[in-house]
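Shown below, as structure tokens, is a lone chain in the form predicted on its own; questions about how it binds or moves come after it.
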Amino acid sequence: MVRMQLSGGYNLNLAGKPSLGITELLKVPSLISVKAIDLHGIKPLMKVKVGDKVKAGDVLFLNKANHKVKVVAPFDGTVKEVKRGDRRVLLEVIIDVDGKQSESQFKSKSVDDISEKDLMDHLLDTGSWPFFRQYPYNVVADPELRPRDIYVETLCNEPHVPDMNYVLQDQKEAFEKGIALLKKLTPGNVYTGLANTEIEIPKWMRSVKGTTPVYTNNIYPAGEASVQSYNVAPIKKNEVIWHINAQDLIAIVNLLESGKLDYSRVMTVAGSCVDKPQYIKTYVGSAVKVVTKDGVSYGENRYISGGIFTGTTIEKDGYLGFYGHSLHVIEEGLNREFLPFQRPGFEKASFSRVFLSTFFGPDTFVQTSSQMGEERACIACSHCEEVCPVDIKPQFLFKSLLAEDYAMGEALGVKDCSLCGLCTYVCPSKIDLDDIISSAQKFLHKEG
């Protein structure tokens, strides 16, 4: 057991919290997307083209750098579209689903008896490998390496993402089998995150054999693997750690035992513009129109796959991301206020306490996409440093990165940044610190 007291972090109380109780939307979708753009560190080598027939488990694309890493079709169907962006970067592969999933295209395996080599081969052959990600840089894990430790995401503090304590309450047996699998992949510890003060719904999670619980104050982003690693056992030179979402781990266990791909997940549909915020059970890569069937508010809205801080903007006729276990719908901040700083701001969230909402505000706040101003010079307010969960100084770091002084950036902790997005949110100068640091991490990873 490890106790971690996070010094930074911030909890934003957003309106549109999903109600408990899971609505199942497990009818096989007519269209499904495999988001290549979410698989950081993979350079796709296409194995299919538009019009090709595929079965569940067929390879859609490989990683050019390592052909062992495959991404497969989750259902039987026809490749409807291969979307590309700038410089022909692969964005996603959309499959017109036949309404079924092939049975037992992979052989079932015994969780207890499988060896490390057989487990690795099975994960690679079935396309399950991309569910493992690696720090530094939060890229798809390198199968040629072995992690010092593995972190299982069981504590999610980001607003309105699925509460793993709730989702996992009836998954004890599968979760314990998943931990046994992870122990075969690392000589180190398997960490799980638990809240210090809140009573977990599945009490069994406190004493899962083979895990090292990390107890922490329940503040965002204390549940992130990179934050826990930094505070519990920092990554040294030439070391890597892996992390995997608890639901993805259970899906791998289901695949091993049944031989059938399991892309079903419990997700949340939340945000102030959602008519019925709720938990749903659906499939990775489902269409937005399917998961928002209960309606959203009329007007210009922003759709975010994943968390409000870490998610990616998608179109209302788009698809959920590969790792995005939630969909947030908030209002686009297109309207400008007249003299906003002369208003008391009872309804506005404010980290810097400039509005009276600090004393008389509501329990939850309606957030829009408005930045409430335009980017300007850094004023060295240190707000970003206050919320940083890994004790770096973003106001110095981003300046060195803008100057392309990457050696100084590494000394200031660019690799340690968890990209939680809090520094960007609290910055009064509207500087997109998160994007600057993320771009630098991609560059450093590319350059090796």
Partner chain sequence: MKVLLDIFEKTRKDLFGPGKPLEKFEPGYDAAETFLFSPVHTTKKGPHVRDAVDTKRYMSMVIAALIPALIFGIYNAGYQAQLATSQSIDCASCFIEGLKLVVPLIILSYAVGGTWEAIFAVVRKHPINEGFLVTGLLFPLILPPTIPLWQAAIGISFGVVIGKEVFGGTGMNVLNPALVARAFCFFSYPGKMSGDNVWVHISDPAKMVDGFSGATPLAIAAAHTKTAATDPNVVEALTAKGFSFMAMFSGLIPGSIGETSTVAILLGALFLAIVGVASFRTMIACVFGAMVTGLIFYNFAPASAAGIYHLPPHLHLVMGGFAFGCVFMATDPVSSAATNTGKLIYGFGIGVLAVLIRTVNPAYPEGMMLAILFMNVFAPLIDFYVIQVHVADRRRKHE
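Because the structure is a prediction, the values reported are computed rather than measured. Residue numbers count along the first chain shown, from 1.
Just so it is clear, the following notes concern the form predicted in complex with its partner chain, a form of the same protein that is not shown.
This chain is displayed without its partner chain, yet in the predicted complex the stretch 372-380 from 372-380, 315-323, 164-172, 274-282 comes within 4.5 Å of it by heavy atoms.
Only one of the listed residues (94, 304, 252, 152) places a non-hydrogen atom within 4.5 angstroms of its partner chain in the predicted complex, and that residue is 304. Residue in contact with its partner chain in the predicted complex (any heavy atom within 4.5 Å), chosen from 209, 203, 117, 336: 336.
Using a 4.5 Å cutoff between non-hydrogen atoms, residue 348 counts as a contact of its partner chain in the predicted complex. Remark: residue 435 counts among the residues lining its partner chain in the predicted complex, judged by a heavy atom distance of 4.5 Å or less. In the predicted complex, none of the heavy atoms of residue 266 sits within 4.5 Å of a heavy atom of its partner chain. At least one heavy atom of residue 411 is located within 4.5 Å of its partner chain in the predicted complex.
Applying a 4.5 Å heavy atom cutoff to its partner chain in the predicted complex picks out 381, 382, 383, 385, 390, 391, 392, 393, 395, 396 from 381-398, in order along the sequence.
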